[in-house]
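Here's a solo chain for you in structure tokens, the form predicted on its own.
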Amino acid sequence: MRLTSAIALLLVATASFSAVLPEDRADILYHSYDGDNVTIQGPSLLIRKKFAENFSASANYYVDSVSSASIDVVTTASPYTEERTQYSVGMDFLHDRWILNLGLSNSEENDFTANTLSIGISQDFFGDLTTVSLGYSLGDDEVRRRGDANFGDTIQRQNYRLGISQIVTRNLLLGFSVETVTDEGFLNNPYRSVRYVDPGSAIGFSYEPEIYPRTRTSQAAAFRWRYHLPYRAALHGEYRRYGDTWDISADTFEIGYSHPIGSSWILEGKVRSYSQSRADFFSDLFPRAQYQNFLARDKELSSFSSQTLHLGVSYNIARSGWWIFERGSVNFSYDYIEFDYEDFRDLRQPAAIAGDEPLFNFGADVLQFFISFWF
């Protein structure tokens, strides 16, 4: 299984009243994911610092330690462990009402290397009530396969972004963004297989390697809003629409609420609903071997939905300053995600007839704990 993450390198800020550089701060994070017999955990350290009045630099170190015995692994391969390490740096330059952002990132694991360059610019208009941001990133990835020194391929990724935020009233902020991503190269997993009907097999089916198209283009548009309530609380929501050239379409709905308690505590809750259609070359069970030019049985390309419940709490510390720090906060969040697949079946529960296995579903727990200090 190849593990990659969507790395957000664009550091564009949509300021509330005027273009400002990010605050000087340090974040120490521990994250954990547990679902489908996959455990991912590790630390992250982020530091931001302004200098020379108009510049701000950032650096991030991030680690994923992975232990996987997922349904994909146990049905066609062996459980494994690996570690992914990511380094990223960024630079912000402020001039009048606009900010220029540059970012570089490198991510390494034993069978995958990802390098990304990102650039973005944002500017305030109309009395600082409107912020427009543009972004572009270029990724150059290398794909390998454990145990096969002769295998190697590449992926080139390009990402184009446009965002607009608008202060409508003193309490209401609206945002709209569009994004286009183009991928070219080896886009499937070098370890994953598809299954097909095989009357000569004792279990009724056999396996052959996945074959994906070598290009993919996707577009997404999102509308966001945030409304501040009279008692310092806030409501926020988002709708996002996604579509790509593999015939996948998806809808995301999200609504959340933040509530302060006194001057030190903030409680947050959020619910999120996601649903997508399957890729046009996906099938849980193909009628025969080499049934079509492209073949996929990745559950992430199937028809499925997910529901997420998010709970978070933060507590302000060192409000009067401590050592070199002006203030700090301790933050904890928990997400429970339920996945339901509509055409991907659980082969760990055999059926009398291939293709009649029960549909797959699972729940995942995501924990984040981080401490922030401003200086």
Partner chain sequence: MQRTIFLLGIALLLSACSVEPWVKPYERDRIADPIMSFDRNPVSSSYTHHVYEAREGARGATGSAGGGCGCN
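Predicted, not measured: the structure shown is a model, and the values here were computed from it. Numbering follows the first chain given and starts at 1.
Below: the form predicted in complex with its partner chain, not depicted.
Proximity to its partner chain in the predicted bound form, taken as heavy atoms within 4.5 Å, picks out 104-112 from the listed stretches 104-112, 206-214, 193-201, 278-286.
Annotation: in the predicted bound form, residues Ala57, Val89 and Leu311 none come within 4.5 Å of its partner chain through any heavy atom. The shortest heavy atom separation between Lys50 and its partner chain in the predicted bound form exceeds 4.5 Å. Using a 4.5 angstroms limit between non-hydrogen atoms, Val168 touches its partner chain in the predicted bound form. Interface membership of Gly152, defined by any non-hydrogen atom within 4.5 Å of its partner chain in the predicted bound form, is ruled out. At the 4.5 Å threshold, heavy atoms of His95 stay clear of its partner chain in the predicted bound form, well away from it. Out of the listed residues Ile255, Leu100, Val74, Ala222, Ala222 is the one that sits within 4.5 Å of its partner chain in the predicted bound form by at least one heavy atom. Using a 4.5 Å cut-off on any heavy atom, the residues of 54-72 that reach its partner chain in the predicted bound form are, in sequence order, Tyr62, Asp64.
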